[in-house]
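Only one chain is shown below, in structure tokens, and it's the form predicted alone.
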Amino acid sequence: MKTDLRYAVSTLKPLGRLLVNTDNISTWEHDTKTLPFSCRRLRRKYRMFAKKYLEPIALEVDGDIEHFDPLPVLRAAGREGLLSEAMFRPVGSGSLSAMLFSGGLTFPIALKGEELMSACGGLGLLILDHELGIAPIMLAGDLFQFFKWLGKIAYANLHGEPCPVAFAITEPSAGSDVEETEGALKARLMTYAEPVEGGYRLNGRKVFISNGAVSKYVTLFAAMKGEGIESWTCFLLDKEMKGFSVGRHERKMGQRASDASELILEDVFVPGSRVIGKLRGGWALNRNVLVYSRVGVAAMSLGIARSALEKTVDFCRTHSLGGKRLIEYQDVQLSIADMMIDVSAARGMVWQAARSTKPYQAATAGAKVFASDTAYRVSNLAMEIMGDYGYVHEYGVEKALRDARLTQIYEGTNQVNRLAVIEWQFDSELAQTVY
């Protein structure tokens, strides 16, 4: 007696067969088919790029970061249009149809984040951090700044001259507190700007800045001298400015291909034309940037989780125990099912948040928390299934676990993001008095 679903569906009448999907395709293909045509094309483009340029070198780079030169990867990403999508054609490579038909500006970023990070967390961050770096210009730059800087950056990247932009808010004594409303009021800021003729003189240090050593430009936040975070202002700095230098390079646990560096400012003169947004408007701008960018981090986490799942499935299909392939054992199937369910649930949250025409705080913060926690949980389960092999570098799941841990920290720790969910919903749902 045949008991599989496809046979069962074949016994239905024509109308019934239309209501049940029996396509024998992967989850990736099934989800891709649900997207508008322009987004399907983008997702396949990102997947092909990741498999061609990132996946073949992922383990080698992670194991020998001291000898890694990021410029060839950035050059390839630039020429393929992955670093110029903020500007639409013909200036950049952005797809207007993908944005319009998906419903949100951040949806293409979500697609790109998952695909690149599924190949390598470090190499993915190397490319994707650029989206965070240019976000202040996109959200608060005037038309002159928008076209001058984003146009110039897009042109350079498309023509094989890597021009990534970094984002700098973290200081030695001010980390996640500047990403949360109450904590920001008590943040100990040491990077400050002093008005001088024609612009501002900046002094101080920023730490743990992703791509700090390789980026050409930096959108950097500094308080006015003698004032607190209420005076925070965003400046666009060029790494060639006198007094601007790179200090310590951190030895990271994961996502190693993207450096985390200290930036040192010693009497750096910044012209007034490079103030992004309003003077003393940096705190509000920073909060909006984080709401916008957390969708990308959620998608990056999703990519790491998917990578761990795929590597586990490949392992279980090719390794045997007691004369049976691991994939044929029911307890292994149950664990893999849990991993598949978690990854699909995370993708649902990420895509829902990314499809919002205007991303809102509770959705993006919630997606970031769930997806990054999922990435860590799935990677940990992958190591349990693979046993001793899970600890071996060549199988990639110990790398996924290390890469996943960072997604629970940057763009605000997950504790801060949970508070962001509460903050957004407090007045509308949580603080109402019930009589």
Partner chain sequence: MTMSGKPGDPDVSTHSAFTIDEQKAIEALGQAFAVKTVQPMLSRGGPDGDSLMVSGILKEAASIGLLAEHGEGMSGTETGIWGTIALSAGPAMSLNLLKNIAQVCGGISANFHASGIGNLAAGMFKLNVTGRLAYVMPDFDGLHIMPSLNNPAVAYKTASIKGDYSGSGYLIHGDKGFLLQARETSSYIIALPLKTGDTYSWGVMSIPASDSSVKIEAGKKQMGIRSAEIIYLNIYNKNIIKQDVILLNNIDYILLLSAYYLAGIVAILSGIAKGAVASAIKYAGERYQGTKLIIEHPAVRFLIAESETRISAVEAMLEHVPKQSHDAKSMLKYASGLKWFGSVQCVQAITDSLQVFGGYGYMEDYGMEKRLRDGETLKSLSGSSVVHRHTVMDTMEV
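Numbering follows the first chain given and starts at 1. Just so you know, these numbers come straight off a predicted model, no measurement behind them.
The following text describes the form predicted in complex with its partner chain, which does not appear among the structures shown.
The putative spot formed by G254, Y376 and H393 is fully lined by its partner chain in the predicted bound form; each residue has a non-hydrogen atom within 4.5 angstroms of it. Screening 321-329, 196-204, 76-84, 291-299 for residues having heavy atoms within 4.5 Å of its partner chain in the predicted bound form returns a single hit, 321-329. Residue contact with its partner chain in the predicted bound form: F208 places a heavy atom within 4.5 Å of it. Taking the partner from the other structure, its partner chain in the predicted bound form has a heavy atom within 4.5 Å of a heavy atom of R402. In the predicted bound form, its partner chain sits beyond 4.5 Å of every heavy atom of K225.
Its partner chain is not shown here, and in the predicted bound form it never comes within 4.5 Å of any heavy atom of R287.
Of the residues in 404-422, those that come within 4.5 Å of its partner chain in the predicted bound form through at least one heavy atom are, in sequence order, R405, L406, Q408, I409, T413, N414, Q415.
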